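One chain comes next, on its own, written as structure tokens: the form predicted alone.
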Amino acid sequence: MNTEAIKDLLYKMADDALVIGHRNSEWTGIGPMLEEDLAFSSMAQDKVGHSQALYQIIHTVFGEREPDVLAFQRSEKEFKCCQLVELPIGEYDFSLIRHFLFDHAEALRYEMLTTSTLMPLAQLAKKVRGEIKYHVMHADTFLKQLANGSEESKARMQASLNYAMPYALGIFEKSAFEDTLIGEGVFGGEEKLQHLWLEKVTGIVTTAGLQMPQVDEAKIIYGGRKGFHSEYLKSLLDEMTEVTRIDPSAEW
């Protein structure tokens, strides 16, 4: 198998999960209601756990540095997360829309990876997909409720969906290794994943009474997979790595 191709895939998945996990954790104590405070906190913990498991594969299978180092001692340019996960939490409507769009992509990605020829990744996918199923159920439930609530809640959900969509499509930014990953049976590819995702989320959005935004290719927010990030990532990483900068020996 092509080692660089697989590491590229694992890094972008792990970095996505780590960053959105930290973003979602920012709702702890300020959720719009107690149940949502707890829900976002729980999902954030799951995401950070997923990132740790992916970094562990990178470490044990490919001999890279330990998970703590990979998570907290890399520079901004070394991260391969998409820009969607970097954005501030904003109001609840945006965080919910981001949660909906990202977790459906994750659910489908891990479903595809259950048949990966990289056995540690396939085994992880079979475990993780069960957790993400509940994340998706949560997102779908609240999207439908708010889209069918007041005129204001519907308008805010539509506005957040319109704003988030160019970033969400950046999840599927192709790497230089697409053909290799597909050919070696490691992963079915971003194009296939994007097709499945669009079909899935369009059906849910339409049923909820919202309009699925149409985004020109030129307006899709790419770059994150290649180390080009939003203005928000560096400050988030500074906050995330405060402890390790004080005590480099601190453990996850």
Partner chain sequence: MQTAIKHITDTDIWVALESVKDPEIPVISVVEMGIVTKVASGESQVASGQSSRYARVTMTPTFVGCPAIGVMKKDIYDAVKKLGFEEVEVTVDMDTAWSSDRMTPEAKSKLEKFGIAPPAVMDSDLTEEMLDKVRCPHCHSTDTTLRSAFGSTLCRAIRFCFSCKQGFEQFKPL
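As the structure is a prediction and not an experimental result, all values here were calculated from the model. Numbering follows the first chain given and starts at 1.
Just so it is clear, the following notes concern the form predicted together with its partner chain, a form of the same protein that is not shown.
- Checked against its partner chain in the predicted bound form, the candidates 188, 223, 49, 213 yield a single residue with a heavy atom inside 4.5 Å, and that residue is 49.
- Candidate site formed by 10, 182 and 196: none of these residues places a non-hydrogen atom within 4.5 angstroms of its partner chain in the predicted bound form.
- Residue contact with its partner chain in the predicted bound form: residue 74 places no heavy atom within 4.5 Å of it.
- Proximity of residue 42 to its partner chain in the predicted bound form: non-hydrogen atoms within 4.5 Å are present.
- Using a 4.5 angstroms threshold between heavy atoms, residue 30 stays clear of its partner chain in the predicted bound form.
- Contact check for residue 133: a non-hydrogen atom falls within 4.5 Å of its partner chain in the predicted bound form.
- Contact annotation: its partner chain lies within 4.5 Å of heavy atoms from the stretch 122-130 in the predicted bound form, the single such stretch among 148-156, 122-130, 163-171, 85-93.
- Along 53-91, a non-hydrogen atom within 4.5 Å of its partner chain in the predicted bound form is carried only by 53.
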